[in-house]
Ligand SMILES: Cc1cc2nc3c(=O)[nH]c(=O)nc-3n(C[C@H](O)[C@H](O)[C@H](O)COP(=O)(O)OP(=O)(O)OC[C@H]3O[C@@H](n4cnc5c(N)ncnc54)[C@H](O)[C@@H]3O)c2cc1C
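Below, in structure tokens: the form predicted on its own, a single chain.
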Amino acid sequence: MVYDVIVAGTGPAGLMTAERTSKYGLKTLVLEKRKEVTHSLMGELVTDKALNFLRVKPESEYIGNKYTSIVGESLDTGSHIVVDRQHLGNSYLLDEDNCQELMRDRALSDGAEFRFESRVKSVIKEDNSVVGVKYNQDDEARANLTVGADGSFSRVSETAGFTHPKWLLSYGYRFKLTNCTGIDPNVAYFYVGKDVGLGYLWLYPRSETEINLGIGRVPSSKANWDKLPPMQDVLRKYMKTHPETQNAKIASVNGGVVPCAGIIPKFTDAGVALCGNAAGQVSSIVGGGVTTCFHAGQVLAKHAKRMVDSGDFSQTSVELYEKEYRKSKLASNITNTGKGMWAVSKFAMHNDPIAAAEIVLGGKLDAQILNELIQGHAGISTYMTLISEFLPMVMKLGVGYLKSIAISGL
């Protein structure tokens, strides 16, 4: 049997692609190396845009919590800054398992086929076009379009010949904790600190007694990485040193790898397209890419329908998906934050990023300016404010960055 579409991977990009292609009536096969759809790690902190892509309501069972403020804080000094709802907008915690099962069930109801414990080994090429995949030991599946939504270490990407000239990765773990006490369920936290390294620790309350405690870290260099304690040890240290989590129970542990360098140079070819982490479609500043992956999956599914209707799976035809995606505002944000992450990683090679974070948290940088910078909405007036009121901070950070550029080059 030849499918219209094979999707490798059940992260948010793969599930959204499968949900939409099956809704369009395309014969869709989904391959996942894990045993269950809920075993894939999916980001959780989102805004209204993700809910719109997912087509769920804020009060539904697919939303685990809603926050009125987010706090950025130093684990070492207690310096902090608060972004309240006025600047934050609506911020939600997805119920990850429910959302993954929702997309799977939608796809199944529209005729998609799922095969779990099916690890993709390589694509199958004929006449310079991808025509399917090999998986597990000797199994094969064939399709007109193969979608690589199989993560940062995508086998579809590698064996189809895509390259990653700038590949910067964030490694992370997450604990789901129960039996917590004294938790304010309305506030989410991001922490920096010397034990965390280049990255942050996050605490997302699910209720007054349950939280998601996680850490993401980017290796600026092997030497800097080797100096840091293991990430799970950092999480356990947090649990022991904070009264809210001293008696907590670890209900589950999950981990993942997220690309931070922006969209890769090329992610389509004859008979094949990448989506999600495999294509670098992740906004590194916010630590994940649920919204960007949902968006990519919808754009790709629309073009898959066009390809099936026209019977054209040539490189030129598949590339129309890439061209449309790159023109989007979300893709522009990913590109800009990817450049910023490269700059930060270079800075951290030869400077102390935690000291820089302390300058920001301990200074007079207000929540509105910080939010504008993070979201990429800062205008000329914001930058003039930074230059005039925070010149010492800008100079200190700037000199450190210039030093890193001079030593390592761009």
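Position 1 is the first residue in the sequence shown; the rest follow in order. Here the structure is a predicted model, which means the values were calculated and not measured.
One more form of this protein exists, namely the form predicted in complex with the ligand; it is left out here, but the text below deals with it.
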| property | result |
| --- | --- |
| Of His303, Arg206, Arg155, Lys176, the one that lies within 4.5 Å of the ligand in the model of the complex (heavy atoms) | Arg155 |
| Contact assignment for the ligand in the model of the complex, among Gly132, Gly197, Gly256, Gly72, heavy atom within 4.5 Å | Gly256 |
| Interface segment, criterion being heavy atoms within 4.5 Å of the ligand in the model of the complex, picked from 176 to 184, 143 to 151, 328 to 336, 260 to 268 | 143 to 151 |
| The ligand contact in the model of the complex: Ala13, any heavy atom under 4.5 Å | yes |
| Contact of Gln298 with the ligand in the model of the complex (heavy atom, 4.5 Å) | no |
| In the model of the complex, Tyr238 touching the ligand (heavy atom, 4.5 Å) | no |
| In the model of the complex, Met42 touching the ligand (heavy atom, 4.5 Å) | yes |
| Residues of stretch 117 to 131 in contact with the ligand in the model of the complex (4.5 Å, non-hydrogen atom) | Ser118, Arg119, Val120 |
